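Coming up, as structure tokens: structure 1 and structure 2, two forms of one and the same protein chain.
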Structure 1
């Protein structure tokens, strides 16, 4: 049995008209002799009546400190609503469908409310549907813990559900349907000549996602990558083939294009605060690095862009956690300098490894546009720079132009 897992995002399910287009895609895939497993997100985006954020806000208006367990219960409702509506609409079109919540789909997770990880999947109910030519419509973003508690998988959890089901069912492909054509060389809202990428590697899209590109969640990519199942990002509202995500060495069409391209794309993320600690000014320097990062970890604060030198420590946190981070540091008698309203821009490309001059071109692009670099870092496949938020869009455009990504 050839199986395709098709995940549809909130905008693809927001209206009856949009769901009708989803039904057409499912019908077309089935007509090719492929069995379809559907994964759904909650309908619409922020502030929509049945969006996840809407349910969260309803609870927090009553109690801002509501337990994660209770929040998980309400956050799971959006996918249930959209899944039932799509199942009914498929049935009206003559396509037999059955809605399954996370538990019914056999998705078993750890007990970490709000950000659970999938432990295993028992796909018996899904396979039974497929054998009877019934389309299983599965609620994304949710599962059941081993002790019977409903859990959610964190932001991007529906993508994770789709990838995990793809692995459990040994699917031929996992399609992530959204409202964009696929993966672009940069955010088209910033860079007018951003181009659609026909294909990218798993590693490249993981890096782009972590650095701010929000088309597909990196956890979903990593699950597919470890099991070598191709992912494809496509638009629900066009016939574009989208962007294929796979291994370089798989031998598929356009893969050589990826290997020959030095830079794949430019990503960015904003609302960052830089924290700088002058170690030389501290009275007690012993194990200071451990004290700093252990204290922040115990407070549940994620840090990024870490730079440790003999005389100073620099790192960044999301703006929403800055005040909490400063309070934690105060408890260990550390009073850092901070730089608010920062942003990170990143140049990503699997082919840059071992190639000289990439950093020089990054610095040249930013210098030519009088954009100060507050901090920088690199890995095998990306180079990132911290800049002021007011310079972010200009920096993205400058780097996109410097590496001639509009000419792909």
Structure 2
């Protein structure tokens, strides 16, 4: 049995019209003799009536410190609503379908509410559906712990569900349907001439999505990669072939080209706060660096872009944790300087290591646009700069132009 896992994101399910497009995609795949397993996200984007954030806000209005367990219960509702609607709409269209929640789909996770990991999948119910030619419509982003508690899988969780099911069912492809043509050289909402990448490696996409290109979640890419199942990112609303993600770039004959490309694209993340601590004055205090990072870790605050110099320490936290971070630092009598409303722009290219001149071009692009760099760093696969959020879009465009990534 040839199986395709097809995951549909929020915008693909937001209206009856969009869902009817989804039904057509499923019908045409079945017509090719392929068994389809559907995974759904919640309907719509942030602030939509049945979006996950809307449910979280409802609970947090009652109690901002509601337990993670209760939050997971309400956070799992969006996928149930969209999944049931789609399954009912499929039946009306003449395609027999059955909605399965995470537990019914056999998705067993650890007990880490809000960011659970899938331990294993028992696909019995799904296989039973497929054998009866019924399309299983699985709620993404949720599972059940071994103790029988409902859990959710964290950001991008429906992508993860799709990949994990693809592996459990040994699918021939995992299709991630969304509202853009595929993976582009930058977010097409910012860069109008961003180019569609027809074929990319798992490695390139992992890097790009880790740096903020949220079109597919890195965890989902890793799961597919380890099990060598091809992933495809494509649009629900057009017939474009999308982006195929495998171990090798397709269609390249020259052996020298069968590697990651120099620059894959430009990614961005916003809502970052930079924290600067002058430790020059604190020198007499022993192990001050250790105390800072230990106390933040104990409070469960994840820090990024750490830069330790003899006189100061710099790092960033996500804006939502900034207040908590400052409160923690206060308890150890540290009063940092902070820079709110920052964003990170990253030039990503898994083959850039050792290639000279890339940093110079990054600086040139930002200087030409008078964009101050607040901090920078690099790894084997990317160069990133922290800038003010108000400069983020301009910085993404400038870097995209500088590296000539767009359609001409």
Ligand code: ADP
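Each form is matched to the other, and the largest set of C-alpha atoms that superpose within 1.5 Å is called the rigid core. Positions refer to the first chain, counted from 1. Being a predicted model, the structure only gives us computed values, none of them experimental.
Shown as structure 2 is the form predicted together with adenosine-5'-diphosphate, with the alternative form given as structure 1. When two forms of a protein are overlaid on their rigid core, residues whose CA moves 2 Å or more are considered shifted, and residue 28 is not one of them between structure 1 and structure 2. Annotation: Cα of residue 368 displaced by at least 2 Å between structure 1 and structure 2, core superposition. Once both forms are fitted on their rigid core, the CA atom of residue 147 lies less than 2 Å apart between structure 1 and structure 2. Once the core of the two forms is superposed, the Cα of residue 309 has moved 2.8 Å between structure 1 and structure 2.
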